[in-house]
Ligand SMILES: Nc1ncnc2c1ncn2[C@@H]1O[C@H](COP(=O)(O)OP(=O)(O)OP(=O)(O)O)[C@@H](O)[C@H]1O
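The data below hold one chain only, encoded as structure tokens and taken in the form predicted alone.
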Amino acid sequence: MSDISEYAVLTKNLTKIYSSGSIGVKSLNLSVKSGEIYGLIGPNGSGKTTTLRIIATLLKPTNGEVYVYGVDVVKNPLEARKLMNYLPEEAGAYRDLTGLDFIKFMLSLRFTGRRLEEAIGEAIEIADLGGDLKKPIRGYSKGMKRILALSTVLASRPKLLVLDEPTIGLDVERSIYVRNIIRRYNREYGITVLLSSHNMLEVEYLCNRVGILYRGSLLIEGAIEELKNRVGGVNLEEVFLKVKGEVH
């Protein structure tokens, strides 16, 4: 059996049942290899955000285990957080701060001294917001806030980057820019990326492997071409529809 530390993320029978009785995820066994870009896809309510929030230590599971590079995220959340950074779907930004002050504040939570200065410079370059960085965030569009938040998580260069709908609210040009920069950071710095997205084309472009979630359960997992061949789908949308049809 493989050692758990070989995986960037490993979940064993991960289950989350909310107090209302609704099931967030059910007996989820997920494995993300170190250095890959892994995409979680599925419709609203399928359990993608619940899964990412548990991995990111923001939500406690009802049952099951979660490991990030061999660290148990439930038992050792502080240790696990040092290995990753998380971008939620609705990443809040401090409205009264300027974009530059936001970058400085977020990165000062992780770095000091010269390393902090380097990370700030990197985030400024990624955000590419020019003079707008000196303006208060309250005047930013949703897309500008998104790219600002993304710049800080990328510039922190964690071992694992967890991204919930990374390009939500971005126009086509900015979406392409973000996808390319995620790929570049994965390749240049070996950062493992676990992301969720409604955009199947985005996932096909970015990801090495995908897992399809539906009603809290993992229907199928594997390399994209392998899944297309296995179920006879031209693209991921067809794969999803065919696999979902089999569970009805």
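One rule holds for the numbers: they count along the sequence shown, beginning at 1. Bear in mind the structure is a predicted one, so any value in this text is a computation, not a measurement.
The same protein also has a form predicted together with the named molecule, omitted here; what follows describes it.
Practice prompt. Please name which of the stretches 178 to 186, 202 to 210, 62 to 70, 48 to 56 has residues with heavy atoms lying within 4.5 Å of the named molecule in the predicted bound form.
Written response: That would be 48 to 56.
Worksheet entry | Heavy atom within 4.5 Å of the named molecule in the predicted bound form - residue from D101, E122, E89, D132 | The residue in contact is E89.
Worksheet item: Does the 4.5 Å heavy atom contact test between I23 and the named molecule in the predicted bound form come out positive?
Response: Result yes; I23 sits at the interface with the named molecule in the predicted bound form.
Discussion item. Can you tell me if P43 lies within 4.5 angstroms of the named molecule in the predicted bound form, counting non-hydrogen atoms only?
Written reply: Contact check for P43: yes, within 4.5 Å of the named molecule in the predicted bound form.
Discussion item. Within 4.5 Å, heavy atoms only: does H198 come near the named molecule in the predicted bound form?
Written reply: Looking in the predicted bound form, residue contacts with the named molecule include H198, since a heavy atom lies within 4.5 Å.
Discussion item. With the named molecule taken in the predicted bound form, which residues across 134 to 166 come within 4.5 angstroms through any non-hydrogen atom?
Written reply: Stretch hits: a single one, E165.
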